[in-house]
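In the block that follows, a single chain appears as structure tokens, in the form predicted alone.
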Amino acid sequence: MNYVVAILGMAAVTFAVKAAIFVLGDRVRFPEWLREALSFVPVTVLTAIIVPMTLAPHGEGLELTWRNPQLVAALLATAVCAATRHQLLTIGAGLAVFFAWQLGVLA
């Protein structure tokens, strides 16, 4: 239940910020420091969602072992992204490794 409340809260805050920007348009100029801070919101929210799911997928503490398919896929996706800077390839490689690891190695 806490996760649902947290996700709904993050969605509401994100929607409110984005809606305010679209509704107000050019009538209000945000200070540069606020514009810069708002540019980090999507990255911060996505990181806050993905990192716990990768490092503690069962919610019972860190699982830093080779038996954690989310961690293995995330490490490979990070390497692919660093080498290629190609988003679709990164997503595809991460998903392929996740499913191959879960169905092939851990089965």
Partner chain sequence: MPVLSRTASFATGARDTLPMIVGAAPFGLIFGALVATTPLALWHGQLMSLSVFAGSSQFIAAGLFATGVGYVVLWATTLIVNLRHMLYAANLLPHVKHLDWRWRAVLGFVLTDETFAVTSSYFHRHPDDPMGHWYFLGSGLSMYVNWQVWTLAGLLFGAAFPRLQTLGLDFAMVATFIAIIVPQMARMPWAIATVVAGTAAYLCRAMPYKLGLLAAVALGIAAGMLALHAKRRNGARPTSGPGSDTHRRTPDDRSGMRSQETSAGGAQ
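Numbering follows the first chain given and starts at 1. We call the rigid core the largest set of C-alpha positions that still match within 1.5 Å between the two forms. Values in this document were obtained by computation on a predicted structure and should not be read as measured data.
Unshown form predicted together with the partner chain; subsequent notes refer to it.
Asks: Using the partner position in the model of the complex, report whether A107 sits within 4.5 Å of the partner chain, counting heavy atoms only.
Replies: No, A107 is distant from the partner.
Asks: Would you classify R35 as touching the partner chain in the model of the complex, given a 4.5 Å non-hydrogen atom cut-off?
Replies: Taking the distances in the model of the complex, the answer for R35 is yes, it comes within 4.5 Å of the partner chain.
Asks: Do T78 and the partner chain share at least one heavy atom pair within 4.5 Å in the model of the complex?
Replies: Flag for T78 set to yes.
Asks: Can you tell me whether T47 touches the partner chain? I mean in the model of the complex, with a 4.5 angstroms heavy atom cut-off.
Replies: Yes, T47 lies within 4.5 Å of the partner chain in the model of the complex.
Asks: Residue by residue through 1-38, which ones have a non-hydrogen atom no more than 4.5 angstroms from the partner chain in the model of the complex?
Replies: Residues within 4.5 Å: M1, N2, Y3, V4, V5, A6, I7, L8, G9, M10, A11, V13, T14, F15, V17, K18, A19, A20, I21, F22, V23, G25, D26, F30, E32, W33, R35, E36, A37, L38.
Asks: With both forms fit on the core, is the shift of the CA atom of F22 between the shown form and the other one 2 Å or larger?
Replies: It does, since the F22 C-alpha is displaced 2 Å or more between the shown form and the other one after the core fit.
Asks: Superposing on the rigid core, is the Cα displacement of I91 between the shown form and the other one 2 Å or more?
Replies: After core superposition, the displacement of the I91 C-alpha between the shown form and the other one stays below 2 Å, so no.
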